[in-house]
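First comes one chain, alone, set out as structure tokens in the form predicted on its own.
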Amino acid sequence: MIDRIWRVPAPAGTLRRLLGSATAALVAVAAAGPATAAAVTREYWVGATPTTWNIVPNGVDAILGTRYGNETILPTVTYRRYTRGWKKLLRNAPARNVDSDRIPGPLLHARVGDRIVVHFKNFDTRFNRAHSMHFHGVSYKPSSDGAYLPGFSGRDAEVKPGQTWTYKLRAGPQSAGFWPYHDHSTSMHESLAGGMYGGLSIRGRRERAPDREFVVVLAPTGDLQTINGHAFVGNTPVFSARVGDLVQWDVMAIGSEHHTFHVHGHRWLEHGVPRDTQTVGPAESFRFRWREDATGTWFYHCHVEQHMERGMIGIYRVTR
């Protein structure tokens, strides 16, 4: 994956004049931190935890008016974040980043050079399936791969109910970016369909943290197309920012389909070229930033029209 947080030498005002933008200061601002951060070990405790998930909790497609009932309720297993020793549940991410503690899984942060230690426990008493964690974008030994292949893989790829495994990862020089992780065990297909995935957000050694970081996972769930496991405006995440905020979008796709991510009224830069729509395929991911300057209520959605009509659309609000 190419790091899509861009450093642009020209001042933001010059960029706006050159590109004719009155929106979002055109990304342009991945500001460096004041000094190189020392590498550390980041430790997380994650569980595969049974839950009941409603894809359309308010029961309605707000645009077309279609109503839904119990057919959108899904018994499943998702990744949940815990305190040390899996003693207490924590939020998967701050409420301003994602709107749920279940789908997607915990947002794991690190910097280039860090070690990442993920302690995983399988609490799946609902289906009694084995689960695992497989991470993109980082380095590890085969014992932390988490991908099942008979006769080849070890316990890391088939963590049975009640069992634990510790994944040991390293964020190398090519790890800066946003990356998926997901179940890659014997129950991979059922797990992905049920929302068992999450993201790694890895910053450069000198890269400042954004003021707002939004996680967007585009995936089919049940018979609908979802953002973070929910379908239709009123159910999908409502992201919020203020003028002047450094905003980072973390986008990935899960499943077998391609999507095109679009934010109304905004643009970002890729290889110096402004764009407002980006294609993302199965297990692909990208991130981008902008300095927010466009007040209003905006749509963000998949621009595959059938996907949008089946629920893959949300709201982004910018205030002063």
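Just count from 1 along the sequence shown to find any residue number. Note that the structure is predicted; figures quoted are calculated from it, not measured.
In what follows, reference is made to the form predicted in complex with a further copy of the same chain, a form of this protein that is not presented.
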item: Option touching a further copy of the same chain, based on a heavy atom within 4.5 Å in the model of the complex, out of 56, 48, 254, 251; value: 254
item: Heavy atom within 4.5 Å of a further copy of the same chain in the model of the complex - the one residue of 127, 82, 123, 140 that qualifies; value: 140
item: Which of 204-212, 241-249, 84-92, 182-190 lines the interface with a further copy of the same chain in the model of the complex (heavy atom within 4.5 Å); value: 182-190
item: Distance check, residue 283 to a further copy of the same chain in the model of the complex, heavy atom within 4.5 Å; value: yes
item: Partner contact for residue 43 in the model of the complex: a further copy of the same chain, 4.5 angstroms, heavy atom; value: no
item: is_contact(residue 164, a further copy of the same chain) in the model of the complex, heavy atom dist at most 4.5 Å; value: no
item: Partner contact for residue 277 in the model of the complex: a further copy of the same chain, 4.5 angstroms, heavy atom; value: yes
item: In the model of the complex, residues of 283-320 near a further copy of the same chain [heavy atom within 4.5 Å]; value: 283, 284, 295, 296, 297, 298, 299, 301, 303, 304, 305, 306, 308, 309, 315, 317
